[in-house]
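The chain below stands alone and is given as structure tokens, in the form predicted on its own.
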């Protein structure tokens, strides 16, 4: 009987120097402590959002792991003309073996932004699913009650042409303005807030598209394709179309958010949704369309505008660049206010089309201007003279 030869194989020797082997005072703590919470106690939202996107000014000892064809890496802070304190400090030299020498957290003022909506993946899915579920229930109830048969014939034409046309605004801004700005913003907190804004607009466009299909099935003679012709050729919509397309071409991500949420939405979006569609629908026998439009109105007024004001308020009160930022924003106002006022005025013929008419266009525009001025006041900005147009 022969015995098996034992091979000489190195035996593993544990020295307690392996990653994760050493115990620290916070080894069992389930919350992070590398950042300063906004309030006394950090929240779960902050734990899953603050600095999830890396920043070599603070850590990343070998610099950005990815870059662009021009040699820049990561998320350059000069992708916007606005600045937060620390933006002009040189980025630490990073190379293999350089160690983690950087600036103390938060490295620069962009990291101080906190989304007051505390949005992240879970909240986004939960909120949007609740909105869609409620809208579907409203539409199903309307179908059972034969509510669409109560619509004035003229209102049918209005909804198919003009309410349908608004989905092009939502789709364009959601996909080409907010989604693009989300990629260019410098912190994960900005990314989350802006991407949720993008999803709100894309969902709203989808809501209108699906509603359009429902009406095509429920109302005899409803033209589900005429909104495309309206958007492309109706003179009343060409000012809005021109402005919306110009918004999607903005390169500066901060200017894009500012122009869309601070200027365009109060002066054009809320004017159309709240002061026209919401006001005219009930008198024309329609209680369904206000639920679709109202969901988008809530998205903006109670959520998207809230994070926008928090974001720009930090910049207009920045401890290093407040004056610089205010001057830049006033320039943006001088550029975008006249464009949005002109777009709003091209919509004026729509106010005379329903049989049961909404309050006067000028009254609605005055309310929109007042709302816009209030937003500027909260941000510490001056109302531009172009608002008088």
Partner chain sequence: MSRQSVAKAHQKIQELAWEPLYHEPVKHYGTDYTFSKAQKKDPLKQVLRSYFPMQEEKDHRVYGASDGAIRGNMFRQVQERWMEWQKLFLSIIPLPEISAARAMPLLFRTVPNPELHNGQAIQMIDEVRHSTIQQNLKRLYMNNYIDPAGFNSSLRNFQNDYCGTIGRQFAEGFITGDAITAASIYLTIVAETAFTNTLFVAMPAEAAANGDYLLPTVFHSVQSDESRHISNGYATLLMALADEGNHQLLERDLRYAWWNNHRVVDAAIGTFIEYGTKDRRKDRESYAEMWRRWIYDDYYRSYLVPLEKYGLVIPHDLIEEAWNQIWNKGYVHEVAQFFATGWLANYWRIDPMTDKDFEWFEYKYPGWYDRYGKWWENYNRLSMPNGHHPIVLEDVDYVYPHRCWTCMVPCLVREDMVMAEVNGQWRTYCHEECRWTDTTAFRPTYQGRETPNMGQLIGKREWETLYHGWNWADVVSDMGYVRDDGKTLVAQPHLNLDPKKMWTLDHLRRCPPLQSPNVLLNKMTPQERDAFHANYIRGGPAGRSAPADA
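Superpose the two forms; the largest set of C-alphas matching within 1.5 Å is the rigid core. Bear in mind that the values here come from a model prediction, so they are computed numbers and not experimental data. Numbering follows the first chain given and starts at 1.
Missing here is the form predicted in complex with its partner chain; even so, the following discussion is about that form.
The candidate spot formed by 69, 97 and 192 lies fully in contact with its partner chain in the predicted complex, as each residue has a heavy atom within 4.5 Å of it.
Checking 44, 324, 360, 345 against its partner chain in the predicted complex, a heavy atom within 4.5 Å turns up for just one residue: 44. Of the listed positions (81, 310, 145, 209), a single one reaches within 4.5 angstroms of its partner chain by any non-hydrogen atom in the predicted complex, namely 209. Only one segment in the set 81-89, 129-137, 300-308, 146-154 has residues whose heavy atoms sit within 4.5 Å of its partner chain in the predicted complex; it is 129-137.
In the predicted complex, none of the heavy atoms of residue 351 sits within 4.5 Å of a heavy atom of its partner chain.
Under a 4.5 angstroms non-hydrogen atom cutoff, its partner chain in the predicted complex has residue 172 among its neighbouring residues.
Contact annotation for residue 328: none of its heavy atoms lies within 4.5 Å of its partner chain in the predicted complex. Contact between residue 158 and its partner chain in the predicted complex is not found at the 4.5 Å heavy atom cutoff. Residues from 210-246 that approach its partner chain in the predicted complex with a non-hydrogen atom closer than or equal to 4.5 Å are 210, 211, 212, 213, 217, 224, 227, 228, 231, 232, 238, 241, 242, 245, 246, in the order they occur in the chain. Positional change of residue 93 between this form and the one not shown reaches 2 Å or more at the C-alpha, relative to the superposed core.
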